[in-house]
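The chain below stands alone and is given as structure tokens, in the form predicted on its own.
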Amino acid sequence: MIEKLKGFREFYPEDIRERNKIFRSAERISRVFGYEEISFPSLEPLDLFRIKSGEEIMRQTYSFTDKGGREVTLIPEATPSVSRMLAERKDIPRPVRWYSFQKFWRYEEPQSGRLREFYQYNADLFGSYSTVSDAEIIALAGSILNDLGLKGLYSIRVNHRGMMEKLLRQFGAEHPEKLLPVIDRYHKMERDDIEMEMEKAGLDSSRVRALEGILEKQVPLNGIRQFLSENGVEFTSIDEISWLEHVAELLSSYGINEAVFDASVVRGFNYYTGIVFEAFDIKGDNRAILGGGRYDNLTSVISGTEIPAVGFGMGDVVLELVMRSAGIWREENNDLRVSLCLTSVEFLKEVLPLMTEIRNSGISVLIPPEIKNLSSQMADAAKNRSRFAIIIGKKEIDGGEATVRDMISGEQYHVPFSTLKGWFLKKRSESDI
């Protein structure tokens, strides 16, 4: 028997049902925010990612030379492809709000929350440089998590790259960009190693300790000014603090109260230019659920046309772990599903038009491929998770009404064929279905 490759998944029906809830939730919330769905190729020129992505991602690509001699790769992330698509269409009115839900590939060691093949939701807002845009994209992220049942179970950690560079210069770093990778690994490295790397970047021991005091804590986003002041930060020319404060006000108006300031969130050293953020479950058991930020320079690198942009990506792997931990991954399937049970195959052609009519109304109807005895068909209906069984025999055909059995309560109803579709539609609308 040939087994599946390491780091790849396969989904059985019960897995797909729950996963589709994520897709539907993300799609619904995206649309009410005014975002439109796009799709892009699974295979792209490798140069597209050489331009944008860091060395780590380049090492993780599933890349190869195709039969035409071109260097190509299975896409490891969305942003370069989305930016290229927008740059190619100068006729699209701005601002542009796009989202996608596609499959990605990265060759890295599989571990909890990280696989070699995964689905990822991405949302981007192009053509606007404002606190309103930044707040909207974070509110979109929070609204999706809330809609999935995670409200109160996560935090969104926010920072600003421009502010961090100014702050690091205040602390004595002549080249703050050299410190960003160290800060990004702050919670993953040993403290002695962190301090050594910071001192190599030009910070003396007292400044290192002061900076650690900032990196250690998370505070409400609207309390950033007081927090930094208490930790020795001067506010001369740090306009980004006011930027973050306004974003905090807007998020509060959105009803998104999970945002906190976290100076250790720096992300994508090669292209983020402004606000950056990541969402984590409050237990701290998993990797980031999602992450994003402002990347105003990327489209100019790819196409020569500068377009301000802010966006985020959310993978399904960590999201599933968080939802499982919260006990909301495996919920009862609430789709109305019914099974047709016949006492004789001769009645099938008479009721098929009616079953088709019910199916056309959006209700799932299972037709038995083989006509067994009635008790076996009822047992199959239960195994197939049908809420109701439609029983059709000679009595039902002669009387023009179906016998409908509730598979949970065992109660039976006699419903005229002429009203059967409407009867099921009413049942579907009831809260207990």
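One rule holds for the numbers: they count along the sequence shown, beginning at 1. Here the rigid core means the biggest group of C-alpha atoms that line up within 1.5 Å when the two forms are laid on top of each other. Source: prediction; values computed, not measured.
Only in words, not in the display: the form predicted together with a further copy of the same chain, which the text now covers.
Chemist: For a further copy of the same chain, considered in the predicted bound form: do all three of Arg17, Trp98 and Ser130 come within 4.5 Å of it, counting heavy atoms only?
Modeler: Yes: Arg17, Trp98 and Ser130 each sit within 4.5 Å of a further copy of the same chain in the predicted bound form.
Chemist: Answer for Pro353 alone: is it within 4.5 Å of a further copy of the same chain in the predicted bound form, judged on heavy atom distances?
Modeler: Although a further copy of the same chain is absent here, Pro353 would touch it in the predicted bound form, with heavy atoms inside 4.5 Å.
Chemist: For Met85, is any heavy atom within 4.5 Å of a further copy of the same chain in the predicted bound form, or not?
Modeler: Yes, Met85 sits close enough to a further copy of the same chain in the predicted bound form that at least one of its heavy atoms falls within 4.5 Å.
Chemist: So in the predicted bound form, is a further copy of the same chain close enough to Ser264 to count as touching (4.5 Å, heavy atoms)?
Modeler: No, Ser264 sits far enough from a further copy of the same chain in the predicted bound form that none of its heavy atoms falls within 4.5 Å.
Chemist: Residue-level contact is defined here as any heavy atom of the residue lying within 4.5 Å of a further copy of the same chain in the predicted bound form; does Glu430 satisfy this criterion?
Modeler: Taking the distances in the predicted bound form, the answer for Glu430 is no, it never comes within 4.5 Å of a further copy of the same chain.
Chemist: Please pick, from Ser205, Ser242, Ser112, Ser253, the one residue with any non-hydrogen atom lying within 4.5 angstroms of a further copy of the same chain in the predicted bound form.
Modeler: Checked against the cut-off, the match is Ser253.
Chemist: Ok, Thr273, Gln170, Thr343, Gln102: which has a heavy atom sitting within 4.5 Å of a further copy of the same chain in the predicted bound form?
Modeler: Exactly one residue meets the criterion: Gln102.
Chemist: Which one of these stretches, 358-366, 196-204, 279-287, 171-179, sits within 4.5 Å of a further copy of the same chain in the predicted bound form when only heavy atoms are counted?
Modeler: It is the stretch 358-366.
Chemist: Any residue of 61-81 with a heavy atom within 4.5 Å of a further copy of the same chain in the predicted bound form counts; write them all down in order.
Modeler: Stretch hits, in order: Thr61, Tyr62, Ser63, Phe64, Asp66, Lys67, Gly68, Arg70, Val72, Leu74.
Chemist: If you line up the core, does Glu27 shift 2 angstroms or more at its C-alpha between the shown form and the other one?
Modeler: Glu27: C-alpha displaced by less than 2 Å between the shown form and the other one.
Chemist: Can a Cα shift of no less than 2 Å be assigned to Ser344 between the shown form and the other one, given superposition on the rigid core?
Modeler: True for Ser344: a C-alpha shift of 2 Å or more.
Chemist: If you line up the core, does Ser39 shift 2 angstroms or more at its C-alpha between the shown form and the other one?
Modeler: Comparing forms between the shown form and the other one, the Ser39 CA shifts below 2 Å.
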